[in-house]
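Have a look below at one chain only, the form predicted alone, in structure tokens format.
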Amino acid sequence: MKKNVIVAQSGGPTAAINASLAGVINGVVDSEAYDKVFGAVHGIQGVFKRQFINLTQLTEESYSSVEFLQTTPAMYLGSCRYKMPSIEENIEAYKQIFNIFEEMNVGAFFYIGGNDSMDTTAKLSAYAKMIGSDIKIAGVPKTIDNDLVLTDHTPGFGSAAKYIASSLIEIAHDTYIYDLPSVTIVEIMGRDAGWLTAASVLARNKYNRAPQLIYLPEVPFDVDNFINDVKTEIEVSKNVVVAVSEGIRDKDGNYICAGTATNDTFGHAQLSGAGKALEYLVKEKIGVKVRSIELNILQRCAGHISSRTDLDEATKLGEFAVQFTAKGFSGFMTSIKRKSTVPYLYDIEMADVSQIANKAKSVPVEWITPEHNDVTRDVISYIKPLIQGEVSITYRDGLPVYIDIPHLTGMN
């Protein structure tokens, strides 16, 4: 008798995470090892609450439903920010989950998410091994932050990078229209890793140097040096665009922000106002026209400008996860191993999920200029292949059409 599969999504949304979900669905449909695939609504909490959707029906209704899913941003199954306790803290939680797995004849569980999701995946895998369960546990990577280790990059990052670079080009055009000195500060997500802010360098072209200044959280931020950098650039460019990570901090580790940072469920700092703080600083110290822009959640789910490469890779990572579990593997996260950059080639492999959870990949310091105000061409070479290709989106009445989500909106 064939086993069933449960898949869930967790963490922050991206333009590509539903493509990974589509990959899992396709993988199950094409597999001889599995029967149905059920989606847990709102992550691992949906498993506890037995909130499941039969995703196999999407393929039975129309294959176009899965295609819509692939190009729909955010998270079809919803998300959660639930921190799974350790086995020692609450073994009953694990017994409850695996009892539900047994009741539903589950042969494999897939968790699509970032660092905290891989922590849950590692804990479930460890428990399965401890009790001798045959249920396979696998992680499928996603995060716009691109900070997962043991993979060249993560799905979601390429599309977010494409959106950021495109936005910076348009912001640059906006700043050039006036013959007045100005400074535009663009705050970009990135608490500890500056990959997204680094992607702003792709906005530069033969007529545009913006953003002229780029600041990442991997190196200390010096306020005095920043003011001097801006003054120097105003003399050269007149209209200066600055890209800055939300997580920039000084040499003592203090965040540069206008407000007070608070922590989320996982203890991560929730930041606000780095751009605004620098806006006030420029206004006070230099006195030119200045404004700050916070891209915030806009860079996460811009499905209308997602990367074809990003969505294709996300789909394959989901499909390969199913294939690997069908061959008997467990306790892994599918990962991308880059073989070459020009031409861009890669393989999909397995990485030990226990070696991924609670670790973070930063932008290499050698990819940041000694002055700490720009990045090297290594960043361009690394990111450029990931933003290639456009996605065909269906439009109706001039607006993009995405898959219906009545189970999340309550509008049945």
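Here the structure is a predicted model, which means the values were calculated and not measured. The first residue of the sequence shown is number 1, and the count goes up from there.
One more form of this protein exists, namely the form predicted together with a further copy of the same chain; it is left out here, but the text below deals with it.
Task: Ile87, Ile100, Val288, Ile305 - the one with a heavy atom within 4.5 Å of a further copy of the same chain in the predicted complex - done: Here the answer is residue option Ile305.
- [ ] Could you spot which one of Phe332, Tyr255, Tyr94, Phe324 gets a heavy atom to within 4.5 Å of a further copy of the same chain in the predicted complex?
- [x] The residue from Phe332, Tyr255, Tyr94, Phe324 that makes the contact is Tyr255.
Open item on the list: When the contact criterion is heavy atoms within 4.5 Å, does Thr315 count as touching a further copy of the same chain in the predicted complex?
Closed with: No, Thr315 is distant from the partner.
- [ ] With heavy atoms only and a cut-off of 4.5 Å, decide whether Thr151 touches a further copy of the same chain in the predicted complex.
- [x] Flag for Thr151 set to no.
- [ ] Mark Lys384 yes when one of its heavy atoms lies within 4.5 Å of a heavy atom of a further copy of the same chain in the predicted complex, and no otherwise.
- [x] Lys384: yes, in contact with a further copy of the same chain in the predicted complex.
TODO: Could you confirm whether Gly23 comes within 4.5 Å of a further copy of the same chain in the predicted complex, counting heavy atoms only?
DONE: Flag for Gly23 set to no.
- [ ] From the candidate stretches 161-169, 118-126, 103-111, 335-343, select the single one in contact with a further copy of the same chain in the predicted complex, where contact means a heavy atom within 4.5 Å.
- [x] In short, 161-169.
TODO: Indicate whether the candidate residues Glu67, Asn146 and Lys359 are all in contact with a further copy of the same chain in the predicted complex, with contact defined as any heavy atom within 4.5 Å.
DONE: Result no, not one residue of the spot touches a further copy of the same chain.
TODO: Could you list which residues of 292-320 come within 4.5 Å of a further copy of the same chain in the predicted complex, counting heavy atoms only?
DONE: Residues within 4.5 Å: Ser292, Ile293, Glu294, Leu295, Asn296, Ile297, Leu298, Arg300, Cys301, Ala302, Gly303, His304, Ile305.
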